[in-house]
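A single chain, nothing else alongside it, follows as structure tokens in the form predicted on its own.
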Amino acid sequence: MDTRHMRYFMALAETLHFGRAAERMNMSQPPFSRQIAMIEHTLGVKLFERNSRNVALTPAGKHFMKDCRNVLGQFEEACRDVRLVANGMKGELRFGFMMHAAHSVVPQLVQRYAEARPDVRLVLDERTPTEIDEMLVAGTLDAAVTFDCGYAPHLQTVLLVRERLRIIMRKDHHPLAAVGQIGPEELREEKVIAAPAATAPALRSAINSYFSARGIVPHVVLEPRLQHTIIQLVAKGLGVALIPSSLCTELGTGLMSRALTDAPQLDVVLRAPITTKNPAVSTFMEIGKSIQQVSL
């Protein structure tokens, strides 16, 4: 038996009339009656009591009707779901992002996508930029927000925002705390805390280039992987740091940020493999285009 036979049974169970049930199934009555007899023979169970005037379900038939309704409902739902998944309307999307991007573009991107595709499950994964690059190549992420690390022909890229760096320090840091804008020269003797190139190559390159353009080598004393750790270390008075401006809006009470002269600028992008087979990605990228910002 298959779902076709279940539909024959359900037509008669719901109408309790061979003629109307056969019509519903676009059949003449004799072959339809033979199908019902074949179903009962296959199951070895009498499903209907019938005489010349009436058709009624047996107790076994009533139970079978309930089970068939559930099975057919699940089957129809499965058919709908597979079409929705193929059209990117249902399924799962694995989304990676730099931790600091949660302070800028990620909440809006996730909100817009959840509204547009409520039946797609977003799996969020906070990672460092290097981890994101590796996971996009490996296919363990479907899309990600990260720094633009240059030419990547295997990825489709949408620019989300151009973000400038700012310097953070303790409020009691003298004399820097009193300076309006700070350049590399003022930082020549400062202890700098920065993420290592192995973790965030684009960010570290921007910091190094900012100093080297003035012939200065920054005195980097600590290299934690995460920006939030960097902020905590600055709060302990262990140095200053150049961090994305989006992280400077909610600094602790003992910290402050200052603009940098000719501040380095980094492109924050949404990326996904060009060869992705996940149909849910295309809408994600389109929403990324719709929330582009000029700068932070």
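The term rigid core refers to the maximal set of C-alpha atoms that superpose within 1.5 Å between the two forms. Predicted model, so just to flag it, every value in this text is computed and none were measured. From 1 onward, residues are counted along the sequence shown.
Another form exists, predicted in complex with the DNA; not displayed. Remarks below refer to it.
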Among the candidate residues R34, H228, R69, K62, which is the single one with a non-hydrogen atom no more than 4.5 Å from the DNA in the predicted bound form?
-> R34
In this chain shown alone, the residue from M256, A263, M27, L266 with a heavy atom within 4.5 Å of the DNA in the predicted bound form is M27
With the partner left out of view, is L251 within 4.5 angstroms of the DNA in the predicted bound form by any non-hydrogen atom?
-> no
Does L43 make contact with the DNA in the predicted bound form, using a 4.5 Å heavy atom cut-off?
-> no
Should L238 be counted as a contact of the DNA in the predicted bound form, where contact means heavy atoms within 4.5 Å?
-> no
L233 near the DNA in the predicted bound form, any heavy atom under 4.5 Å?
-> no
Decide yes or no: are G88, A114 and T140 jointly within 4.5 Å of the DNA in the predicted bound form, with each residue judged by its heavy atoms?
-> no
Within 46-74, the residues that have a heavy atom no more than 4.5 Å from the DNA in the predicted bound form = R50, N51, S52, R53, V55
Any chance the CA of R53 moves 2 angstroms or more between this form and the one not shown, core superposed?
-> yes
